[in-house]
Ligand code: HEC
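A single chain, nothing else alongside it, follows as structure tokens in the form predicted on its own.
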């Protein structure tokens, strides 16, 4: 009985280690960071479209999330993480890492500027999304694989 309990515990512990290891993989970290940016952008979009009322705290938090996230995002592209875990990262990232980092820095810088000059209304949030959207598109067009 003890042996069975020990084997079950060992098997369950192994499953936990696998889950933790997968969550720490660069591809998983990148995907989580992009989800954060997507959620922040979605919150801004709701305000810009008039689906949600203007809320300065939400705008501030969303812009801060984008700014902070893109500062660390390029750090999660080590050699050897080009494939796996359904990554959408293009191999072009590793071929042109400096440009990739520059695009991330531009998005972060624009988010910081917008945060400093916080959009004051729905129209301002829409204009801010225009700026950020161009930054996002510039990077995605160059460095994101298209899904089938």
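Since the structure is predicted, the reported quantities are computational estimates derived from the model, not experimental observations. Numbering follows the first chain given and starts at 1.
We do not show the form predicted in complex with this ligand, though everything after this point is about it.
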{"query": "Close approach of residue 104 to this ligand in the predicted complex, 4.5 Å, heavy atom", "finding": "yes"}
{"query": "Residue 31: touches this ligand in the predicted complex, heavy atom cutoff 4.5 angstroms", "finding": "yes"}
{"query": "Residue 38, heavy atom within 4.5 angstroms of this ligand in the predicted complex", "finding": "yes"}
{"query": "4.5 Å heavy atom contact, residue 27 and this ligand in the predicted complex", "finding": "yes"}
{"query": "Non-hydrogen atom within 4.5 Å of this ligand in the predicted complex for each of 56, 60 and 121", "finding": "no"}
{"query": "Sequence-ordered residues of 129 to 144 touching this ligand in the predicted complex, heavy atom within 4.5 Å", "finding": "132, 135, 136, 139, 140, 143, 144"}
